Ligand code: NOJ
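Starting off, we have a lone chain in the form predicted alone, written out as structure tokens.
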Amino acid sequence: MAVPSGEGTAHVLARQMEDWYKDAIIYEVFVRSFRDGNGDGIGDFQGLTEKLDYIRELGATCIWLLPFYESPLNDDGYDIADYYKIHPDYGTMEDFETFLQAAKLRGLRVIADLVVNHTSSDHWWFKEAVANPDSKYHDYFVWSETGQEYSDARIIFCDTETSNWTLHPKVGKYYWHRFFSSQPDLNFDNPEVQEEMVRIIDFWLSKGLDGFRVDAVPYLFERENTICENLPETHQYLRKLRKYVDENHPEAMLLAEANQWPADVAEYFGTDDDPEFHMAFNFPLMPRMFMAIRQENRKPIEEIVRQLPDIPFHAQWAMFLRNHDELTLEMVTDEERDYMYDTYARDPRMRINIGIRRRLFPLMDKNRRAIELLHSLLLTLPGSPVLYYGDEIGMGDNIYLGDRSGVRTPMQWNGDRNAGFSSSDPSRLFLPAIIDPGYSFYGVNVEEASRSESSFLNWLKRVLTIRKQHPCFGRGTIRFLHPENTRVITYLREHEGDTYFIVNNLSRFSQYVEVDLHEFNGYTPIDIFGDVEFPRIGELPYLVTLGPHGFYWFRLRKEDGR
């Protein structure tokens, strides 16, 4: 990588340590589903520690843990009952610390989910608030005598909840919740709640965590005659939180889960002078990658990227295809939502809330070429990629399980008992392993995929290795080119003197494309997958032919060889 004039190598390395998340490849793990180390049918930190080499060898550089705190697990841990305790199913604090140390020894960073918007109704704060309305903890939550306030706020879990207010019979008042009624929202107008969250963050970062994926950040404050999302008060508090983290844990990273339209989600980065989050998920772009590949047209991607505002220098998008939640369709038009349902989720059981609850391979009907193309987009569009456990081996889903459980089934390690996830009796597994034809753990598992050089797992390992060798993909600018063939999406990624020319065929048929690259007259495109030289660029449009769902990642080399 070229070093800017006046900036020494040591300074560049120091800067990369500070903003390490720009080069990260994040692997999302549900501890409960990954590996059972003690044979009780439930994944735990002991089992996860045993599989750290697998994660490192895959090519990930950072692990994102779903909630592991004490919880009644009515929402897979997003209903926290004690922020300072490990759920006993997952092990002890010592087990967690052992895992963290083992990850660090392998060069893996670790971030964890942190739910700031709400707690579980089993949290002792809420129990005290209910038992004694005069206690200070009563004001840790949002109450109403009538349950009529904030009527403009949408109901997020529209499949299960009919109101954002629930009457508590013992208290005789309504409490506010943006998600399940078992998850009362915290009252961030209370300074003590704000301080509690700072203490929680400090506790875990001091343990050695490298940051947090912060859940449901748009909903922290409520104001009448608003939709109670993205309020100025929310941003004001989040900037205070970021300032504390920067001053006390300068290498830690905060990743925002803000499922909002482009202009709103970009606000969660703050500014260079007054930052909020280091990273934010690119929710607007994600569903449009699926639209573009099915429509065989680049328009959905280019249109939404044009709507994305510029973000601060130290900010970064988190790019993803699938995760532990549904493929959300909140940030699309009604017409686009209908199209996605008709295309990817005709069976109503595949739908939940306003989204599609499917894993990547079933979603794409196991179309290997199309899945590889989606990963080409994931890895070359601006941002850091987030991979979901099991997608690297083509795991299936179970739409007959409730809520989001269908995409959170046990990791499939081999074709032995319980998919190698657990030594327990199969009836003790917290969720059944996938046995559906085409996705059964007998044939779809890590051991089987590792044996075949042509497996998607081994393909992905090779691609991630190449991606990590080219910092431009995580740090560079993007410039879309606009060839006449709309079935092909092409763009330039540029960073510190390096230029990459990316060509993706969104069609299931072979395509050719002529691209205006006259500004690079005399440059030679090098296919970075095989270090193969292509014909030199001239004044005329550059011709590229591609197979079905084919793609190229070219590095443009000057005549002088640089």
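Start at 1 with the first residue shown and count on from there. Just so it is clear, the model here is predicted, and its values are computed rather than measured.
Absent from the display: the form predicted together with the ligand. The rest refers to it.
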| item | value |
| --- | --- |
| Partner proximity in the predicted complex: residue 324 to the ligand, non-hydrogen atom cutoff 4.5 Å | yes |
| is_contact(residue 183, the ligand) in the predicted complex, heavy atom dist at most 4.5 Å | yes |
| Distance check, residue 404 to the ligand in the predicted complex, heavy atom within 4.5 Å | yes |
| Heavy atom of residue 278 within 4.5 Å of the ligand in the predicted complex | no |
| Residue stretch of 418-426, 376-384, 189-197, 175-183 approaching the ligand in the predicted complex, non-hydrogen atom distance within 4.5 Å | 175-183 |
| Contact assignment for the ligand in the predicted complex, among 237, 157, 150, 361, heavy atom within 4.5 Å | 157 |
| Proximity to the ligand in the predicted complex, single hit among 320, 165, 430, 78 (heavy atom within 4.5 Å) | 78 |
| Partner contacts for 240-269, taking the ligand in the predicted complex and a 4.5 Å heavy atom cut-off | 257 |
